[in-house]
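First, one chain by itself: the form predicted on its own, in structure tokens.
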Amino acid sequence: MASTACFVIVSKNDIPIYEAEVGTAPRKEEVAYQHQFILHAALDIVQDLAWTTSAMFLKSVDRFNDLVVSVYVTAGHTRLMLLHDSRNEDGIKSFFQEVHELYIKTLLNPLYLPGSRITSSHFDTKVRALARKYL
């Protein structure tokens, strides 16, 4: 069965710094734009929830048809957002934790300017491998 998944990292200033379609479903340009719109529309909900709980993994915060938005908020208020159609909550949490670790390693790179787009092909390859493993 083909799965739909779109992953975005949004900085604390609401600027997307990394985006990837990581699902196995066939990709269409209009659908990719719709996924981005759904994820960005959920940012207000995430911002409200982030201040009311101390948990980093906010589980599912929004729904659109059969798609669910799951969010992981870092200590620096960077949001890792995943739009998906799966019900594997443990796999999603593990995916977020490992991507958070990768993101921290990227932040520790002295050549990376925090808040700028992540263009590393190594980061992209690792995120896609983690998505295949957990999602």
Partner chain sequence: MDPIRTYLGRLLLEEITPVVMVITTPLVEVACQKNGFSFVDMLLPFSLFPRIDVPVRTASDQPYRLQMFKLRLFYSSNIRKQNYEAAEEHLKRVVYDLNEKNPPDLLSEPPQLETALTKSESDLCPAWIKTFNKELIRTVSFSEHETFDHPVACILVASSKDEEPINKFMDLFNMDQTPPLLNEGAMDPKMLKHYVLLHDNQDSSTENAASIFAEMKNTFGQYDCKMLSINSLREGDENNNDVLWLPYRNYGILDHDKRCLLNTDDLNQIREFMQDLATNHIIPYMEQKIRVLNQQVSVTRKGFRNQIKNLWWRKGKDDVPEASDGPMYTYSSIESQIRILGDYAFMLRDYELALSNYRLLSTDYKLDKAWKRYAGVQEMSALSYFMLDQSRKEAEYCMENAFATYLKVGSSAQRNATRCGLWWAEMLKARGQYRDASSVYTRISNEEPTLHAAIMLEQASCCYLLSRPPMLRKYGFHLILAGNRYYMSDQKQHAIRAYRNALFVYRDNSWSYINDHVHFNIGRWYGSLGALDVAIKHVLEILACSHQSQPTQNLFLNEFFHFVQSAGKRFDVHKLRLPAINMSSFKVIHEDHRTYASAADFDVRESAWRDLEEEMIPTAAAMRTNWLDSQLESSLKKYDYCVCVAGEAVKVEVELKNPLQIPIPISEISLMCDLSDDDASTLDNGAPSFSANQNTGHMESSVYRLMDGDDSLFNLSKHDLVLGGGETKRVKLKVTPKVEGILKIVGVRWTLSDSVVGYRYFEIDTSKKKKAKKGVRNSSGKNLILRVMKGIPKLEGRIDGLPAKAFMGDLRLLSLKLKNTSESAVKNIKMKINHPRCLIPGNSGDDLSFPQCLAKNNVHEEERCTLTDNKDTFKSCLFSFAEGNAVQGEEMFSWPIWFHCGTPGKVSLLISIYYEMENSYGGMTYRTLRMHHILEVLPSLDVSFVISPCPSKLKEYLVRMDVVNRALSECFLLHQLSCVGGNWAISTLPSCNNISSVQTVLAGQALSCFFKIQDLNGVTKEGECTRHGSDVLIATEGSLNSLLDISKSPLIDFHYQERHHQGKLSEGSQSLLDFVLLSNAVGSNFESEAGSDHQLLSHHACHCSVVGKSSISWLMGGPHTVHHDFSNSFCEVDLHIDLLNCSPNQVNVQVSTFDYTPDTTQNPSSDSNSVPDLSTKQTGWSDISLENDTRVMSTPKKVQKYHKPTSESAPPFIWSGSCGMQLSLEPACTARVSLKVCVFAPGTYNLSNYELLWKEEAAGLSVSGTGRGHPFYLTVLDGPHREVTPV
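Numbering follows the first chain given and starts at 1. Predicted model only: the values in this text are computed from it and were never measured.
Not on display, but discussed next: the form predicted together with the partner chain.
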(request) Select from the listed residues L39, I92, V71, V99 the one whose heavy atoms reach within 4.5 Å of the partner chain in the model of the complex. (result) L39
(request) Could you tell me which stretch in 84-92, 39-47, 99-107, 52-60 has residues with non-hydrogen atoms within 4.5 Å of the partner chain in the model of the complex? (result) 39-47
(request) Would you please decide whether A20 lies within 4.5 angstroms of the partner chain in the model of the complex, comparing each non-hydrogen atom pair? (result) no
(message) Even though the partner isn't displayed, in the model of the complex is D14 close enough to the partner chain, meaning a heavy atom within 4.5 Å?
(response) yes
(message) Considering non-hydrogen atoms and a 4.5 Å limit, does the partner chain approach L130 in the model of the complex?
(response) no
(request) Flag E29 as yes or no: does it have a non-hydrogen atom within 4.5 angstroms of any non-hydrogen atom of the partner chain in the model of the complex? (result) yes
